[in-house]
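There is one chain below, alone, in structure tokens, taken in the form predicted on its own.
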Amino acid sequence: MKVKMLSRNPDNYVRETKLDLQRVPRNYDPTLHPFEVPREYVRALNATKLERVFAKPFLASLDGHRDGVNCLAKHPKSLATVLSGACDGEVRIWNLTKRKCNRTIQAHEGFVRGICTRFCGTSFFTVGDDKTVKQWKMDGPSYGEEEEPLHTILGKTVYTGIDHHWKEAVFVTCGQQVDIWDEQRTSPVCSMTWGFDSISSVKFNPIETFLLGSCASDRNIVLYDMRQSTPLKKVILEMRTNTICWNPMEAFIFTAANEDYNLYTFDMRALDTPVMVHMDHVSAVLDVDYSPTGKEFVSASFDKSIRIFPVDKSRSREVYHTKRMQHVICVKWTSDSKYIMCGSDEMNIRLWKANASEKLGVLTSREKAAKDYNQKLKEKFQHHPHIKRIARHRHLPKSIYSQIQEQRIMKEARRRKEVNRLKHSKPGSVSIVSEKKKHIVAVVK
């Protein structure tokens, strides 16, 4: 009589220690798993629902200012240090980890119009309504010393913005004209102007560091070359641009925040057509800042909300608002790409998560694996109508919601009018203008 013996190797199924996971034998033959796709769809649906359940982006509110927060600046070396300037001339230096104010300086009389840090992080510059540019030490005064600026430059006109070069001891201010300064001198190295209106914002390019971009109140965005000390070219839009921000990963790309509720991403080599028009705000866009990855940017608006846009999409992926937050004047994306700060005119600085449902703190390896798996599932089924609807849905304040509906009706009416005009005109007499080219008046070189 034959006896068949079953022999199994214990190494294949016995755990080495109690802490190890149980080994589960799996056969990946697709014929044995006929319901794999429906099962994955249910998991993707649950992951999407849980993401919306855990979407709690608001982290902290830094209060202490006695007037609206007008400008923010990041420390180039320290993730936890943030500088803010208020409308009463006060500058505060904050520690984000402790969520406390380290230092308070009465820097100017009237508004603090701009604030920027030196590339090494040892000092920072402020400009205000009192026509001065001041340089301050980043570290506080030692015991017994008074709070005094390192240097003070008295100008002839009010300065409305300031930015520091990314590698050299050079900074730029704007007001009636764009002035480039050497840190060791009390008069500008060179002054550039094109047009007669006041310039509201100026920014150095982080990659091609000799390039500058500025926006003026006569609806211009002007590009300058520091080496030639001349303006390169300008683009004139239909409405005024409040500020611009350069993409930190692509040298020629910048985004402009406009009064007509839109943001425009331009390639400086072809200014006649924007690369993308970003539409979602229902009031003037006041500030914009890029993520360090260059893939997304955050915008602050007069409609009391901030929105996160992917660079290549015309619609925002996220909108943040609170009942107490009023008109948002300035916004910054932190250097580790995880958090967003915004300053509004009810005297608070708010800290948000860049990814609303992200879990903070250290993740275990199993949590990381589950997170990556869920992310892949959501990407796989992202175009399914039910999942797409849940992922896209955002609750909006009634004021913003009603304005969106109103603007939708107005846009539809304009589109109908264009179609009717085209229909009842002689062929070729009415040209079709694309949405991207509608808002560009001219490009001057």
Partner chain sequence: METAPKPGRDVPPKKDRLQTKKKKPRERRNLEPQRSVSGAQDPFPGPAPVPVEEAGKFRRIDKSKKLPHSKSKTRSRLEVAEAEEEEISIKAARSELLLAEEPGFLEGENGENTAKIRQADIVEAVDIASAAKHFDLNLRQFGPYRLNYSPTGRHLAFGGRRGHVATLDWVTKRLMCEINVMEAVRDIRFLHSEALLAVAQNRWLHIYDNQGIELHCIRRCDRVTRLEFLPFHFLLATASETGFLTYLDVSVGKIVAALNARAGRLDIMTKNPYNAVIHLGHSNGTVSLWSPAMKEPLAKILCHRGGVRAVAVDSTGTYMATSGLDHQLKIFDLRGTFQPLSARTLPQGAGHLAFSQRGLLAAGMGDVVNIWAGQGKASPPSLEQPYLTHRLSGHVHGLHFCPFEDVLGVGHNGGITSMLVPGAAEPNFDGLESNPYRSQKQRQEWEVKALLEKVPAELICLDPRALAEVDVISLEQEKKERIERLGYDPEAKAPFQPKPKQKGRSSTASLVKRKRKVMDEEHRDKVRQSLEQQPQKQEKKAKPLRARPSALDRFVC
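Positions refer to the first chain, counted from 1. The model shown is predicted, which means the values in this text are computed figures rather than measured ones. Throughout, rigid core stands for the largest set of C-alpha atoms superposing within 1.5 Å between the two forms.
Here the subject shifts to the form predicted in complex with its partner chain, a form of this protein not shown in this document.
Asks: Contact with its partner chain in the predicted bound form for residue 219, defined as at least one heavy atom pair within 4.5 Å: yes or no?
Replies: Close contact is absent here: in the predicted bound form, residue 219 is far from its partner chain, nothing within 4.5 Å, heavy atoms only.
Asks: Would you check, heavy atoms only and a 4.5 Å threshold, whether residue 437 touches its partner chain in the predicted bound form?
Replies: Flag for residue 437 set to no.
Asks: Is residue 41 part of the interface with its partner chain in the predicted bound form - any heavy atom within 4.5 Å?
Replies: Taking the distances in the predicted bound form, the answer for residue 41 is yes, it comes within 4.5 Å of its partner chain.
Asks: Determine whether any heavy atom of residue 261 comes within 4.5 Å of a heavy atom of its partner chain in the predicted bound form, and answer yes or no.
Replies: Answer no; every heavy atom of residue 261 is more than 4.5 Å from its partner chain in the predicted bound form.
Asks: Heavy atoms, 4.5 Å, its partner chain in the predicted bound form: which of 181-189, 139-147, 117-125, 281-289 makes the cut? Say which one.
Replies: Comparing against its partner chain in the predicted bound form, the contact stretch is 117-125.
Asks: Which listed residue (239, 207, 351, 232) meets the criterion of a heavy atom within 4.5 Å of its partner chain in the predicted bound form?
Replies: When its partner chain is considered in the predicted bound form, the option within 4.5 Å is 207.
Asks: Just to confirm, with a 4.5 Å cut-off on non-hydrogen atoms, which of 100, 227, 167, 295 contacts its partner chain in the predicted bound form?
Replies: None of the others qualify; the residue that does is 167.
Asks: Taking its partner chain as it sits in the predicted bound form, which residues of 28-52 have a non-hydrogen atom within 4.5 Å of it? Please list them.
Replies: Heavy-atom contacts within 4.5 Å come from 28, 29, 30, 31, 32, 33, 34, 35, 36, 37, 38, 39, 41, 42, 43, 46.
Asks: Taking the rigid core as reference, does residue 9 move its C-alpha 2 Å or further between this form and the one not shown?
Replies: Indeed, residue 9 is displaced by 2 Å or more.
Asks: Has the Cα of residue 408 moved 2 Å or more between this form and the one not shown, judged after a core fit?
Replies: No, the C-alpha moves less than 2 Å.
Asks: For a quick test of reading the superposition: does residue 20 move by 2 Å or more at the CA between this form and the one not shown, rigid core aligned?
Replies: It does shift by 2 Å or more.
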